[in-house]
Every structure is written in structure tokens, then in C-alpha cells.
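A lone chain, given as C-alpha cells: the form predicted on its own.
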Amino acid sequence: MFGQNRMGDTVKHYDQLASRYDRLHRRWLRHAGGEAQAALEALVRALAAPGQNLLDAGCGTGHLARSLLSEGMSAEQVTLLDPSRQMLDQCADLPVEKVTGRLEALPFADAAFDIVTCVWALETTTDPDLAVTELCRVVRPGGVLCLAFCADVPVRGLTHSVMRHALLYRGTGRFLSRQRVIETIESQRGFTVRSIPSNGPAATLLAKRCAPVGVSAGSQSKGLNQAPICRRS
């Protein structure tokens, strides 16, 4: 079993929380997940290049997209996906493509995106294994998957413990094994994973999909030239 318990359908919870989600989420970031999210946003800024396209899967109210658009990323490069229609309604001000859909069954072709992000959404799915597999599926060779999620790591202090129990009590998510997520990604062909250090009951992962042997990463992903080329013995 991936987390501590099987999750029910959380979409209805996020439909109800949509109008006040940002206020509640700021509390989580302030006390528990801020470092993990900052690490992910820094990764995306460092990796993004002109002409690349990005999928924010489980986009919530569009915080990451707003940040990237304000820094010059073209709206044509960004696609937002969330299973909650009400959460997507909070993104109405963003002139980007918006898709209602689940992480466990992404409505996109294989290898469709240069950068795929999933921030505080993997832990809300009914089947994290399947969601990770789907996220990997839509990453182009030479592209990257950036994840931030609630991680089942030892808590430090009363604040982390309170935030942990609050999430479980609300039934809006669970704490996943960071090692299990890494192993699931690495089981997908051509992926290497790096864990980005951060404090709190959270994890940030960078997964790169290698370009095929003999094909430059740049030609595959329109700019992620630093992505490794797979070389198998």
C-alpha cells in the first residue's frame, strides 16, 4: 500500500475548498511545505527555456502558473489540469489552456510535454502508483518531471505534527513514501531521479527522462540540453 490508507475520492473536498484553498494552503506552506515548494519553483525556473511547453498537473488555483507567466513564460506554453472544476474556475484569469482531468488518466498523448509539474496533488489521488506512471508517460525524452508532495518522513516539533494530523483528519490527502515514489519513477523506462533537500513533512523530486542513444536531448525537448542521454551497456 502506497500511503497509510486508501484514499477515497477527494475531488468533492477540493470542490468545496476551492474558494478558500489559497488561505488554507498558505498555512501549510508557512509551517510545513514552504521549503519543498520553493525548491520546486527554483527547479522549474532554472530548467524552463523559450519554446518549451509545460503541464501543471493538479494545478489547484494556478499559483505556479501565475508566477511563471509573471516572469515572462508565454501563456501558449502552459497547460493546466485539475480534477476539480471549481479549482480550475479559480484560474479563470489565466489565459492558458485548462483541462479537467485526473492524474491517474491524463488526457494527453505520450511524450507531450517538456516540463511536467505536480505540486501537492500526487498525495490526493486514489492510486499514486498509476498517477506517477501517467505523469512519466507524458514527459518528452530529454524532458523533466518536478514533484512536490506530502512525504512520510519523521516530523520535527509540534507544528509539523499538528499539520500532519490536520491533513489526515480532513481527508484531503495522505503522506507518501518518498522512496516508493522514487522507485516508481525509476521503474519507468529512461528516468533518473534526484531528491532535493528540504525540511518539513514534504519532498521535492526532479526526474529527468533520458533522450534515446544517439539523439541529442536538445532536439528532443527544444532546449533541455542539460538532460542526460541514456547509455545502456
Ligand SMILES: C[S@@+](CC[C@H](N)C(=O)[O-])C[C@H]1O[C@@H](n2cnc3c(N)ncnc32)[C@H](O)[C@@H]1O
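Sequential numbering from 1, following the sequence displayed. The shown structure was predicted, so the numbers you read here are calculated from the model rather than taken from an experiment.
Beyond what is shown, the protein has a form predicted together with the ligand; the following relates to that form.
A.B. asks: Every residue in D114, V139 and G143 with a non-hydrogen atom within 4.5 Å of the ligand in the predicted complex?
C.D. replies: Not a single residue of the candidate spot has a heavy atom within 4.5 Å of the ligand in the predicted complex.
A.B. asks: I'd like to know if V11 sits close to the ligand in the predicted complex, meaning any non-hydrogen atom pair within 4.5 angstroms.
C.D. replies: Yes, contact at 4.5 Å.
A.B. asks: Could you tell me if G101 has a non-hydrogen atom within 4.5 Å of the ligand in the predicted complex?
C.D. replies: Contact with the ligand, yes.
A.B. asks: So in the predicted complex, does V119 come within 4.5 Å of the ligand, heavy atom to heavy atom?
C.D. replies: Answer yes; at least one heavy atom of V119 falls within 4.5 Å of the ligand in the predicted complex.
A.B. asks: Examine G58 and determine whether its closest non-hydrogen atom to the ligand in the predicted complex is within 4.5 angstroms.
C.D. replies: G58: contacts the ligand in the predicted complex.
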